[in-house]
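To begin, one chain is listed below as C-alpha cells, in the form predicted alone.
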C-alpha cells in the first residue's frame, strides 16, 4: 500500500477516510510505469483508466483533419489526466495522452471507479469536488482564450505554472496557449529584450 500513498493522501485532502476505507480504496488502484513518448490513451480506443501522476509529465492532445496538433492539457506530479469524455461515456477516445518523461502513474479502471464510488460513499464527494474544480478551470481557460491577448495568456501561464513550462516542449506549450511555436519565440524574445 506504500506505493499508493500519494493518491490516497491526495484524496484525503478533500475527504476524511478511515484506515479501513483507505485499505479498501487501495484494492482498486494499480501502479503503472510509462516510458517517455508512450501513449496511455489513443484515439479510436476506449479509455479504460483515470490516471494520477506520481512522477513524470503528460500531455493530452488531438490532431485535427489538417494534421495540426492541439494541446488540451498537461499533467505533472499530483495531477490527474485522461480522455474524460471517453472514460465517462466508455466510447472511443479522441485524444492522445502521451508521456513527456519516464513516468509513474496510479491508475483506476472505469469499472473499479464505479464500484469504489458505491462502496465508499465519501468518494462521491471527492469526485464532485475535483470535477467542479476541473470544470471551473476549463471555463476560465476558455474565457481567457476569448478575452486575453496571446501575451497575457503566456504571462498568466508562466506565473501560475512555471514548473510545467520548464518540462514541456515549446511546441506543446504554444499549442496549449493557442498559437505557433514561432509566435511563442517572438513573445519570449520580446520579454528578454525588455529585461
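Numbering follows the first chain given and starts at 1. From a predicted model like this one, the values you see are computed outputs, not experimental measurements.
Here the subject shifts to the form predicted together with a further copy of the same chain, a form of this protein not shown in this document.
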Answer range among 24-32, 155-163, 40-48, 136-144 for contact with a further copy of the same chain, defined in the predicted bound form as heavy atoms within 4.5 Å: 136-144
Could you check which residue among 167, 55, 36, 128 gets a heavy atom within 4.5 Å of a further copy of the same chain in the predicted bound form? 128
Work out which of 102, 109, 91, 77 lies within 4.5 Å of a further copy of the same chain in the predicted bound form, going by heavy atoms. 91
Would residue 95 count as a contact of a further copy of the same chain in the predicted bound form, using a 4.5 angstroms cut-off between non-hydrogen atoms? yes
Is residue 120 close enough to touch a further copy of the same chain in the predicted bound form, meaning at least one heavy atom pair within 4.5 Å? no
Contacts with a further copy of the same chain in the predicted bound form - residues in 58-75 whose heavy atoms fall within 4.5 Å: 62, 64, 65, 70, 72
